[in-house]
Structures are given as structure tokens and as C-alpha cells.
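The data below hold one chain only, encoded as C-alpha cells and taken in the form predicted alone.
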Amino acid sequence: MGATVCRWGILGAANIARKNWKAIWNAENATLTAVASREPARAKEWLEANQAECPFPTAPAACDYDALLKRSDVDALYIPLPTGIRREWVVKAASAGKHVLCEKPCGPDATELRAMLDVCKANNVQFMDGVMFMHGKRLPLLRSVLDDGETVGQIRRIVSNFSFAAGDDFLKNNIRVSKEMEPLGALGDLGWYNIRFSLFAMRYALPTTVSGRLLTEHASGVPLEFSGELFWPGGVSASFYCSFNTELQQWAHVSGTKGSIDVRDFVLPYYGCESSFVADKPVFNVKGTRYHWESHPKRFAVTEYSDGAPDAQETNMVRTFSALALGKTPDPFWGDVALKTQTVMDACLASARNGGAPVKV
């Protein structure tokens, strides 16, 4: 009889890893064995704080990076290390036979990501990027509504925005403005989600051409504010905006020949027990001197807690990944869609570095 619980390790005590600690704690087919950090004292403090809030029956061990890779009681690794050094540790993890859940952006460019995927494939381990919204219960509902032929009709336009207003301390000290650690800045940290949503809406068909604009750049040379345009055959297009300069937003809008869909919280659902979106088919009703602009919205929702719950999207991500790791038959979809996202991002940045000139994908 095969194992029923995937044993996890976390390679790097990043802040986002706290959320995945709880997701592993919530998933019935997962447990956390060890956490690695370059600073043992920090790892101990980090472990104790998370264990106090979400306690595993046996407290996870603290160790260094290399020791974690050698542990026989770890099946899968969550790797939230900075993008600039991620390839080395993904390759080492896969070479050690560990399945890899990789934070995004997966690499500085598609060449590095291909190298990671090649090693994962050679060692028969699962690779997945950490895009949590891909695992929410809302996404299948959104797919069915987009495909019903009536609510939206033929998709013509996709628009999305993901931003937050970073403070002075962030812009001085956060690794996301470090050219060495996070060379893609806001484009990698936020734009990855915008591009992924557009690809999802288009059933993961790559655009043929893209263009990008670097609206604001940090002194280090990383994007602080970026806009991009993606173009598919048949006149379908997508626009996205990501930024560390404007207040928190994470919305997406899909327009078609018969209507539109508005998702106000496409990355992280608003706090609560439902995840939803709204479709609309407005009517401009003109009769004599009456000019009525009428909204005819229809709300779609699933029961799903936004975060920190057994049915939250991050728990579903861990649950899905654990099942794939335990099944020992990697699903190539997750690596493929990560590579497509990275490829489109590379092309957008290449365009921006060339004054917005179109780039073929």
C-alpha cells in the first residue's frame, strides 16, 4: 500500500511560507517535517511562532539547506527563495528526488526555467508554481461560464490589474527591488498573475505577439510599474497593469460579443466564505427623451473560504500537489503553464526594453 501523507520541507523561511505552513497543516494528505534557513536562530524563532499557531503533532525540525535536501523523511519541497538564486536550489532539490513547489516568478527568464524543468523531468519529480488561484473552486465555475457560449460569447478582450502601494521602507530595503535577488520586480511579483489569468481565459493558447511598457523603474533597474498588451489571432487582445506604486487592486475583466465578466479579487478572494464573480449584459434603452443605461448583472459564487481554511485555495494547492507527489506520476501541465507564463513575461520585458516595439512569442 502506498503512502497517504506527503512529507514536506520548506526551503527558506520567507514570509509567504507562513501561509503555506498553514496550508500544509490544513491538508489531510500532507505534513511538515522540516524547515531550512541560512540563519539557525531565525529558523528556530520562525518555527516556534508558526508551531504555536498551527501545531503539527511532531514539531518540524530546523536545519540548513543542504541538510534538508538529504533528509529521507521529506518527499516535497516548497521553495520560496528569491528568484535570482532559485534555479540552483530547484535543480539540487529535483536531483535529490524531491518534488518541487516553486514560488513565482519561477526564474529570471525562460531559459533558466527550462533548465529547472529538464532536471525535474529527468528525475521524475513534480514541478508546480505557487499560483494559488489556480486551485480555487471558483476557477472551474469561471471556466464553465466563459465556455457556455451565452454569458460572454466569443472572448474579445481581457483586462487585469494587480498592484499595491509600497512604502518608502519597501522601496529601500525589500528584496523585490533588488536587481540581484528579484530582477523582474513588480512584473515578476505581480504581473505573473496577470499573465496567468489571461492565459487561463484563452485556454493557455500563447499570444502570437506582445508589447510592453516600463512605466516606472527603480534605481536598481527593476520594474516598479509595468503595462503589457497580448495579441492572439482573430483580434483577441489582453491588457495588464502591475505596480508597486498604486494602491491595492487585483481585478480582472473579460469582455466578449455577448457580455462580460468582472472578477474583483482574482488573485486572493475577498475575506469571507464565498468566492464569486459577476456577469453582466447591459442594455442601452432609448425611447424618446428617455436614455436608460441598464445593468443586468448575474452573480456566480462557490462556497470557499478566502484563506487559512481547509477549503481555501492554498490548501487545495498543497492537497493537489501532495496527491501528485504521492502518485509518483508527475503531471506535465503545471510545468508547461509555468513556462508559458515565463515566456510571455520575457517577451513583454524585451518589448519594454526596446521602447514598446512588438515582440513575437
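Note that residue numbering follows the sequence shown and begins at 1. Keep in mind the model is a prediction, meaning the values are calculated, not measured.
This protein has a second form, the form predicted in complex with a further copy of the same chain, left out of what is shown; the following refers to that one.
Proximity of F162, E229 and G256 to a further copy of the same chain in the predicted bound form is complete: all three residues have a non-hydrogen atom within 4.5 angstroms. The candidate stretches are 135-143, 240-248, 197-205, 110-118, and the one lying within 4.5 Å of a further copy of the same chain in the predicted bound form by heavy atoms is 240-248.
a further copy of the same chain in the predicted bound form comes within 4.5 Å of a heavy atom belonging to C54. For Y270, a non-hydrogen atom is located within 4.5 Å of a further copy of the same chain in the predicted bound form, even though that partner is not displayed. The closest non-hydrogen atom of F333 lies beyond 4.5 Å of a further copy of the same chain in the predicted bound form.
a further copy of the same chain in the predicted bound form is approached by S295, whose closest heavy atom lies within 4.5 angstroms of it. Contact with a further copy of the same chain in the predicted bound form, judged by any heavy atom within 4.5 Å, is made by just one of K92, R264, H218, K179: R264. This chain is drawn without a further copy of the same chain; in the predicted bound form, the residue among N174, T209, N123, S276 with a heavy atom within 4.5 Å of it is T209.
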